[in-house]
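Form predicted alone, single chain, as structure tokens, below.
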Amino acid sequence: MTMNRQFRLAARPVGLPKATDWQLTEETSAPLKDGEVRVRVLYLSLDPAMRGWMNEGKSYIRPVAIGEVMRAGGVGIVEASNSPHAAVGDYLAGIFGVQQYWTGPVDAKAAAAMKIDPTLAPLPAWLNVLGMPGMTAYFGLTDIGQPKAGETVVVSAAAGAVGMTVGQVAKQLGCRVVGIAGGPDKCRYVVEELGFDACIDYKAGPVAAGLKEHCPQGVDVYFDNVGGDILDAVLARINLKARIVICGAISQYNNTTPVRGPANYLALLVNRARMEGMVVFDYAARYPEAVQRLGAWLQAGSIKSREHVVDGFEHFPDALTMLFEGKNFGKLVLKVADAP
């Protein structure tokens, strides 16, 4: 018998999620059915998108139901198998939920499980540059942003999981890259360690002034992770035929008032520019393409992956809050158990 601890959604959060929005439960894992595996979860991915999944209402994915295990990506090791698709000892990444064990068919669409190679990169990196953030960055930039060598690419939340990969991929494609991040340490990191050309500290002064200084030729591609005032500031600097990738809006997720849209949207008309939203799950069939390319860059040392690991399953509620308070430095990952 395997005891499984789980965090379930107890209430719809109003503003920032709080401790009473969660219920920590424990149950016995059911015996395996034909075609199923049991995965011991080792690391969980904590992502801004999780805040939207807690809300009631229509979205690109159904909301997490009250009483349901919180949705989350993770990596783990197969401890038992009744499936031809995975053997005991295989490492898998998938949507395993905030729990210590996941049981189900490897080919279940909702799990999006795939085998991973722990020799290619450390396990936490499979939740970062080789995981959902990396897939988001790669396809959002290359498929929607379509950067060309010599163009200026701006990315917000540049020291975050998605932003750091966006900027590094853009550099590999020959672009000038300007990040926007909060605080001198994060700005120093993206320039000195990740190779960005410049970084604007939004906590130190107006973003508009920073854009004027570091993007004298305007902005060709903007990868937006934050929305709000920063989106407006960038819209005021876009070039003719610019492309704006709407990936997220973390500045708006915990609002208790309606989400504020861009005031400078007429810049899209004047510059014949395009603003397009992206959801990474639309590219699931192409994940291997991105993993192959990002993995090659990672092994060559051309790009880097940085994770902020919080140790301990019980710390999930507090760790998730760190995302919205800007306390994480790099991809936020929750360590659930030691790898064998």
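Throughout, we count residues from 1 along the sequence that is shown. These numbers were taken from a predicted model, which means no experiment stands behind them.
Absent from the display: the form predicted together with another copy of the chain. The rest refers to it.
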- Partner-facing stretch of 286-294, 34-42, 272-280, 304-312, counted where any non-hydrogen atom is within 4.5 angstroms of another copy of the chain in the predicted complex: 272-280
- Item | Partner-contacting position among A209, L268, A204, A108 - heavy atom within 4.5 Å of another copy of the chain in the predicted complex | L268
- Find the only residue in A233, A249, L173, A86 having a heavy atom within 4.5 Å of another copy of the chain in the predicted complex. A249
- Message: Suppose contact means a heavy atom within 4.5 Å; in the predicted complex, does that hold for all of G76, I116 and P118 with another copy of the chain?
- Response: no
- Query: Can any non-hydrogen atom of G182 be found within 4.5 angstroms of another copy of the chain in the predicted complex?
  - Reply: no
- Message: Even though the partner isn't displayed, in the predicted complex is G227 close enough to another copy of the chain, meaning a heavy atom within 4.5 Å?
- Response: yes
- Contact flag, A112 vs another copy of the chain in the predicted complex, heavy atom cut 4.5 Å: no
- Would G104 show up as a contact with another copy of the chain in the predicted complex if we use heavy atoms at 4.5 Å? no
- Query: Listed by sequence position, which residues of 159-182 have a non-hydrogen atom within 4.5 angstroms of another copy of the chain in the predicted complex?
  - Reply: none
